Structures are given as C-alpha cells and as structure tokens.
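Single chain ahead, written as structure tokens, the form predicted alone.
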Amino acid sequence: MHISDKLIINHLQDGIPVTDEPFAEIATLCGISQDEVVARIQRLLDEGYLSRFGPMFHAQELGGGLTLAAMKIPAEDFERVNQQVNSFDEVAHNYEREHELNMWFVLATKTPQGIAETIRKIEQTTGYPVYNMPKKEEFYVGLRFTL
C-alpha cells in the first residue's frame, strides 16, 4: 500500500467534506490530484483493502429498519450462502465468525416491516434460519484506525 493510500484512508475515516468537490478537498489534504484520489479509492476497493465505499445512514432515524442478524451455516455450504446473502441490497457488513452462529450481517430496510420480509426472503433463498437480534440501545464508540 502506497503512503498516499494510507493518507486517503486516514482522511476518509473523518468523513467526506460536504462540498461541491469533496474529492478535491481530500486531494489537497493528501497533496495529490483529485483524479488520483478517485483512482486510488477505486484501486483500494478492487484490491480488497476497502470492502465498501459509500454513505452510512441511520436507517431508523429515516423511518427504516435496522438489525443485526446471524446464521448457522455448515462450512461446506458457507460460500454459497454467503453469496446468496450478499445478493440482497439490504445486507451490509456480512462477515464470518468463529462461533456456532458463524455468519453475521446487518440488515437495513426502507421500513421497519422490511426487516421481517427480508429475513423471510433470505431464509427462503438459503434454506437456513436467520436469527434476528435488533438493538436495544445504541452506543457510539468512535472507532478509528490510523494507518
């Protein structure tokens, strides 16, 4: 990873400026061109250094639904189910854990009722039950990794 990549990631963790040209501001902070910022972000995504790049919304504050979900998937079927689960637009942050419930993901839907509907569709598609674990209370941790 190039030093400019690390600078870009460090600045993006603080949020993207809400301006007409946000990448130009990031470029100025990093000492590179706007086109290079955009190209480097795309390369970081393509090479798997970044898993996603886009806005994060508070779905519940916008009238939507949000929940943490988990599934128990046999190792020999994990990749198939992983691809199926990830095909749903409502799924984010899907990852494997070393636990009986070994697949965990976040669901964000346009309405609170969309959670149950999406869970039902995932269960129909995969053939496995989804364990719904809605939050009871939210805590802001402010996690940041300086590279």
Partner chain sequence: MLNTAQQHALRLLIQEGLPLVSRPYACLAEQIGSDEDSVRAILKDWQESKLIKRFGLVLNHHKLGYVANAMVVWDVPDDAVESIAAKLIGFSGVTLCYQRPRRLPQWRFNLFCMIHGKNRADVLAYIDDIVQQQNLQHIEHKVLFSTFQYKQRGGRYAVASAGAA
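Numbering follows the first chain given and starts at 1. In this text the structure is predicted, and so the values were computed from the model without any measurement. Rigid core here is just the name for the largest C-alpha set that superposes within 1.5 Å across the two forms.
Missing here is the form predicted in complex with the partner chain; even so, the following discussion is about that form.
### Query
From the list L29, A116, V81, V91, which entry has a heavy atom within 4.5 Å of the partner chain in the model of the complex?
Exactly one listed residue reaches within 4.5 Å, namely V91.
### Message
I'd like to know if R97 sits close to the partner chain in the model of the complex, meaning any non-hydrogen atom pair within 4.5 angstroms.
### Response
Because a heavy atom of R97 falls inside 4.5 Å of the partner chain in the model of the complex, the answer is yes.
### Query
Is I122 close enough to the partner chain in the model of the complex to count, meaning some heavy atom within 4.5 Å?
The answer is no: I122 has no heavy atom within 4.5 Å of the partner chain.
### Message
So, G127 and the partner chain: in the model of the complex, are they within 4.5 Å at any heavy atom pair?
### Response
Judged by the heavy-atom cut-off of 4.5 Å, G127 is well away from the partner chain in the model of the complex.
### Query
in the model of the complex, does L147 have a heavy atom within 4.5 Å of the partner chain?
Looking in the model of the complex, residue contacts with the partner chain include L147, since a heavy atom lies within 4.5 Å.
### Task
Counting only non-hydrogen atoms and a 4.5 Å cut-off, give the residues of 1-29 close to the partner chain in the model of the complex.
Heavy-atom contacts within 4.5 Å come from M1, I8, I9, L12, Q13, D14, G15, I16, P17, V18, T19, D20, E21, P22, F23.
### Message
How about F23 - superposed on the rigid core, does its CA move between this form and the one not shown by 2 Å or more?
### Response
Shift at F23: 2 Å or more after core fit.
### Message
Aligned on the rigid core, do the two forms place the Cα of N10 2 Å or more apart, comparing between this form and the one not shown?
### Response
Yes; that C-alpha moves by at least 2 Å between this form and the one not shown.
### Message
So that I can tell if L50 moves, could you say whether its C-alpha shifts by at least 2 Å between this form and the one not shown after the core superposition?
### Response
Yes, L50 moves 2 Å or more.
### Task
Since the Cα separation of R80 and L44 moves by 3 Å or more in the model of the complex, tell me which way: closer or farther than here.
Note: Cα gap between R80 and L44 widens in the model of the complex.
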